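As structure tokens, one chain now follows by itself in the form predicted alone.
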Amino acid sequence: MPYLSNIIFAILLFLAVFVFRRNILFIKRNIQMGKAVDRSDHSKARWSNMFRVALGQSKMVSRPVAGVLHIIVYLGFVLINLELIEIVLDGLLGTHRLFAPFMGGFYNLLIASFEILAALVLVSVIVFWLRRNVVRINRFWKDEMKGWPKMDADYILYFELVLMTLFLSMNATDQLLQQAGTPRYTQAGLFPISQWMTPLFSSFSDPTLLLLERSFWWLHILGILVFLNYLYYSKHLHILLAFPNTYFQNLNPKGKFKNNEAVTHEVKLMMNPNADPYAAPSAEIPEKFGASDVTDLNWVQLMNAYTCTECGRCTDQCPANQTGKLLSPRKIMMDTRDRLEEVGRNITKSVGFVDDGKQLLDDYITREELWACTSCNACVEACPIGIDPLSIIIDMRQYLVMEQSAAPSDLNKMMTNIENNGAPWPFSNQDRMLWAHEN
């Protein structure tokens, strides 16, 4: 059957896209379990933020070494995979280097650019691996980075190494087949990097070279399809979600917290002696103040959890973490994602959520972590893709205070003082200026 390989390729491509679509719909369903929040304002600023931060990598270069290396890998991933269009069409149509006759010299320039990028990606990936596993940079070895998170980070680097090596090996054997005048392997492409690999294969016969080139081609495209579906299980889902995440990022000034409208209404009633206490409330009273589980959070916060790259810049900048407190903003996001996945599997299995006796508070995130936060926004400022761990911490604190009256004793004293004295200190407002008369 002359078209057997094309049929096999089409089936594998269909299965890979089918599984990828299913996983994306699962993530979309989970994110939509969050509360509604309107982020449709300031569209011009949002588009600008997305292009600058997600596409332009503007916040990555705040740490030049990691930033430049990440940009190289990012460009390599995006540009080299442009050739994926040709590879897919070749696989479906049974052609070889389909675009070469139509693009002429520009095709040669593209292939040369892809090879140079592939070599730079290989160097960057090796440096990344050394930083993680030999230099052992502290933020990559926090407690939450043990087990799967640590392995996942390494697996991605191995994926990149294998894919780039297969790409260059495919081109090296392709060159030799072109030089040998093998049918279908017409002269096409410039190979500034893989030409140095040709001595590794030059001793093989033409049939063996053909087998090797086809093997490298198949392994390369299958590796990409596997990688595509591995993203769902990996922190590298941010490759896709960084764009919507930065678009829907909170554009308010750092440190500006949203007041709960129902609470604001009650406070205004108490402060207004002429208010009618029996008047209908102007704001809808929520079924729960704050958040104790993932379904109490809004959909942007849930998307934040899926987008987290686990780079640890947030935790590295957190003053509470630096002083030995239990809080790690990265862990807040990882715990939120893990709980969201658990709830999602529960819904899928039972066709509706069945109470599992768990929640995000206490079962995943402890109260000690929440109260260690200084709400300084260092984690939000440090995140290269606009994730906001602080908003989750504040919402969960609100639940503890307003639903459980479970604030720490020092905070309770402060709130009592504000209620009684109009200030956080244990002095009546009549005594505040006594110090001025002491001398």
Partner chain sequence: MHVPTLAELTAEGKKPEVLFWVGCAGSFDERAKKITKSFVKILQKAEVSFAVLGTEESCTGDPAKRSGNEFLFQMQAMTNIEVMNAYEVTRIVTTCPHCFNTLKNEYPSLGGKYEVMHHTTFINTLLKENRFTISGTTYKGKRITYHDPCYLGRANQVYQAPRELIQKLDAELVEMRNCKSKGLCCGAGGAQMFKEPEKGNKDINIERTEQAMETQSEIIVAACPFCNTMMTDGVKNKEKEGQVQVQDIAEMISKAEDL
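Numbering follows the first chain given and starts at 1. Small disclaimer: the values here were computed from a predicted structure and weren't measured.
The same protein has a further form, the form predicted together with the partner chain, not shown here; the description that follows concerns it.
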*Looking at 23 to 31, 38 to 46, 395 to 403, 65 to 73, which lies within 4.5 angstroms of the partner chain in the predicted complex, counting heavy atoms?*
395 to 403
*Which one, Pro192, Pro101, Gly94, Gly255, lies within 4.5 Å of the partner chain in the predicted complex by heavy atoms?*
Gly255
*Given that the partner is absent here, does Thr186 sit within 4.5 Å of the partner chain in the predicted complex, heavy atoms only?*
no
*asked:* Taking the partner chain as it sits in the predicted complex, is Ala153 in contact with it (heavy atom to heavy atom, 4.5 Å or less)?
replied: no
*asked:* Would you classify Ala320 as touching the partner chain in the predicted complex, given a 4.5 Å non-hydrogen atom cut-off?
replied: yes
_With the partner left out here, check for me: in the predicted complex, does some heavy atom of Lys325 sit within 4.5 Å of the partner chain?_
yes
*Would you give me the residues of 360 to 395 that have any heavy atom within 4.5 Å of the partner chain in the predicted complex, in order from first to last?*
Glu368, Trp371, Ala372, Cys373, Thr374, Ser375, Cys376, Asn377, Ala378, Glu381, Ile394
